[in-house]
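Have a look below at one chain only, the form predicted on its own, in structure tokens format.
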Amino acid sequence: MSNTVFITGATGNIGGKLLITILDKDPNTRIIALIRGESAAVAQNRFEQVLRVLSPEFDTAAIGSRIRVICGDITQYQLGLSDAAFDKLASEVTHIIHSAAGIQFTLPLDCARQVNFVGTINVMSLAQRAAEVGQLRNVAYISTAYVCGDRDGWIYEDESVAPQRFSNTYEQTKFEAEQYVRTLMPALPITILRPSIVVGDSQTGRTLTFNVLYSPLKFIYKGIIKALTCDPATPLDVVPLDYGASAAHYILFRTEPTGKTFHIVAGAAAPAVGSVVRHFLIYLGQNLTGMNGRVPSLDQSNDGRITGNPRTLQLMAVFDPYLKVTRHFDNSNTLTALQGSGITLPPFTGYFDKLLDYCFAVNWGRTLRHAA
């Protein structure tokens, strides 16, 4: 049975890699990608640039035959499409994947809500229309494991998360959007996917974003951070991009997942912050020195000292919740769904060096920005 997949966020890490995975695994599937841009040409160019970064070997000629790029905006009514275009889209799609989001942690709340909450409402209006007039089979909402806010302990897939506080507006508005999506579950075939911290591809290290894990490591490399300000035993739940996309693809297209929530996480295999830092320092010692010409040193005694200039401390405060809160994400639904698929989470130590190789090769993403 052929599918027509409508996807938002295809110029992002998860959406872009998931799109490439669909093209690779499902040769009869057509994709319609909603891309922001001042014009159709700009949207097309943005899309192709992302594909070249995530998969340089990707044949852009396939875009013309299997991918249709639509210039639109999730924050606009009917996604910025005309009545005719919106109705045509609704009649075509079999699957909707909503991956687009404002991922900046420091966005003002109203700005984050416009993208993450209002944008989700607009995408779900397409889903509702498609359920009325078309052949809709699945609606995937890409949430985040961190809708749990500042909760610690075990976070389960099937529980109703009730955070007391959120670490940033990203978490809050993704929680609000997920809660809205849940109200539509009785009427729509919805699947919720919650990835944790997504890092680069485990085989190539490639990524579009360099935050959460990367930013603190950059500060260590530059000698700006002199001491860990968290418990080295704190788990850091990271998943490589290719595992996340493969797991999401299998769940959405090879199982009957609707009505369930899946954590795309490391779970019990999450590395500790201290082991990540130690491995990073070993990598620097074996491959290169810090900005000051020597391998950085770091006090990992966690004696409560906070070091660094005010700007650095301000930036680190953005990432502190991910380094200081001791929590574990249950992934029972995901592991059950993936049984027999051959899709397994690679060990962190097996791919960490590849992340770093790519990170330094593109100068923490600066080379990619200049190329764009």
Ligand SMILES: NC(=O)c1ccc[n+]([C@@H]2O[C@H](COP(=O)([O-])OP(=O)(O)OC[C@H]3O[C@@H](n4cnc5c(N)ncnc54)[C@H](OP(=O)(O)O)[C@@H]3O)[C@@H](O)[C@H]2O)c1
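These numbers were taken from a predicted model, which means no experiment stands behind them. For every residue, the number given is its place in the sequence shown, counted from 1.
Another form exists, predicted in complex with this ligand; not displayed. Remarks below refer to it.
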Practice problem: Name the stretch, out of 129-137, 89-97, 245-253, 71-79, where some heavy atom lies within 4.5 Å of this ligand in the predicted complex. | Solution: 71-79
Self-check item: Heavy atom within 4.5 Å of this ligand in the predicted complex - residue from Val161, Ala227, Ile224, Val115
Solution: Val115
Quiz prompt | Interface membership of Leu188, this ligand in the predicted complex, 4.5 Å heavy atom rule | solution = no
Practice problem: Find out whether any non-hydrogen atom of Ile197 is located within 4.5 angstroms of this ligand in the predicted complex, and reply yes or no. | Solution: yes
Quiz item: Counting only non-hydrogen atoms and a 4.5 angstroms cut-off, does Ala101 reach this ligand in the predicted complex?
Solution: yes
Quiz item: Can you check whether Tyr156 is within 4.5 Å of this ligand in the predicted complex, heavy atom basis?
Solution: no
Quiz item: Hey, which residues along 152-177 are within 4.5 angstroms of this ligand in the predicted complex, non-hydrogen atoms only?
Solution: Tyr170, Lys174
